[in-house]
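Consider the single chain below, provided in structure tokens and representing the form predicted on its own.
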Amino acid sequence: MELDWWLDFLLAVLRAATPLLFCALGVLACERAGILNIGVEGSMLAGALAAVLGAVFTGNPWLGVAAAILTGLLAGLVLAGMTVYLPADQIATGIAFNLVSIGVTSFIYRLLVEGGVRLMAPSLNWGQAGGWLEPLTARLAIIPPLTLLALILVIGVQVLLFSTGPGLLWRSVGESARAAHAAGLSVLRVRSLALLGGSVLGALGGAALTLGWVPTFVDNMTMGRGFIGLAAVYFGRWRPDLMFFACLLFGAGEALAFRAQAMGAGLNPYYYLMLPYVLTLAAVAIVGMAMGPRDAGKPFLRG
């Protein structure tokens, strides 16, 4: 195959992996603080719809990203109130949140479509820049803005968690909330911030899907990508660097599925579409048992 084909394929892998990277980072941030962020799929779905609506009604895709961030903050507030301060069961709450998100986004989508609204968002790009910025934007144009942001966040989270004092304190909450509380840390505050940040990252994953990958919205369009992000964290042993390669692997499966369909390999297209999920199952099976943060999923009750 020609070099251009491989370059296009690598860019497609990056685009397909971008939503997974945001979701996986959101899950990682929460689990390192002791919270099981099962609701990342719901945050991603809500962020995907909010990004499209913001871009369609304002004509500016960057405002669509802002709408996704606000939606993620709202989702984080709901999840933090239920799982940190009540505290409700984290797995049951996450599953319920995902189901509610599917229902609400489907209702809004059908309402808009029946009202004649065309949900085709403008593409998210670096825009036009003149003067000395023009050569820079021309080079950055091949990498979508949210993809570059995801790569920067992977490096930033890796450094924060494993090379700084605040990162050590963050991880201590996930390993032993009681010990962290005894040392003077506010466990509830750390876990609430983790859920807010994790939900925003999940919503950004939805924005990357609808504004950077497929510029529209349909019912349940995330199709389990949030759970693939969960698997990437498991596969990466709760480390951002290893998680990054897991997301690339799953993104390669999705990019290959679309490329194989376009090349007309002669199989039913659904066989290709299931490829990323088969890779996810295979990766989890190969990794086997993995020990995450010891207090992940355990509620913290003061007193």
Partner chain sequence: MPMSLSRAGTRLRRLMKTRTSITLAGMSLLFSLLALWICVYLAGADPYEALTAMFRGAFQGRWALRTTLSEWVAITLSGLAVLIPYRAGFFNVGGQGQLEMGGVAAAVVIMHLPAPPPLALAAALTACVLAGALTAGIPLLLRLSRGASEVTTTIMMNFAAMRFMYAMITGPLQDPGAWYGTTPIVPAGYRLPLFPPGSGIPVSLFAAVGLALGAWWLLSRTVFGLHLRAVGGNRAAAAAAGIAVDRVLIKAVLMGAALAGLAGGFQYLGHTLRVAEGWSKTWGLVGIPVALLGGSPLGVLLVGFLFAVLETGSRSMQALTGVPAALVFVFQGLPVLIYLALGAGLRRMGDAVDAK
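Positions refer to the first chain, counted from 1. Keep in mind that what you see is a predicted model, and the values were worked out from it rather than measured.
Just so it is clear, the following notes concern the form predicted together with its partner chain, a form of the same protein that is not shown.
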Report task. Would you kindly say which of 143, 95, 153, 74 lies with a heavy atom within 4.5 Å of its partner chain in the predicted complex? Result -> 95
Requested in this report: Spell out, yes or no, whether the shortest heavy atom distance between residue 228 and its partner chain in the predicted complex is within 4.5 Å.
Outcome: yes
Query raised in the report: Heavy atom to heavy atom, is residue 63 within 4.5 Å of its partner chain in the predicted complex?
Result: no
Query raised in the report: Does residue 106 make contact with its partner chain in the predicted complex, using a 4.5 Å heavy atom cut-off?
Result: yes
Requested in this report: Tell me, yes or no, whether residue 148 is in contact with its partner chain in the predicted complex, where a contact means a heavy atom of each within 4.5 Å.
Outcome: no
Query raised in the report: Looking at 43 to 51, 241 to 249, 274 to 282, 63 to 71, which lies within 4.5 angstroms of its partner chain in the predicted complex, counting heavy atoms?
Result: 274 to 282
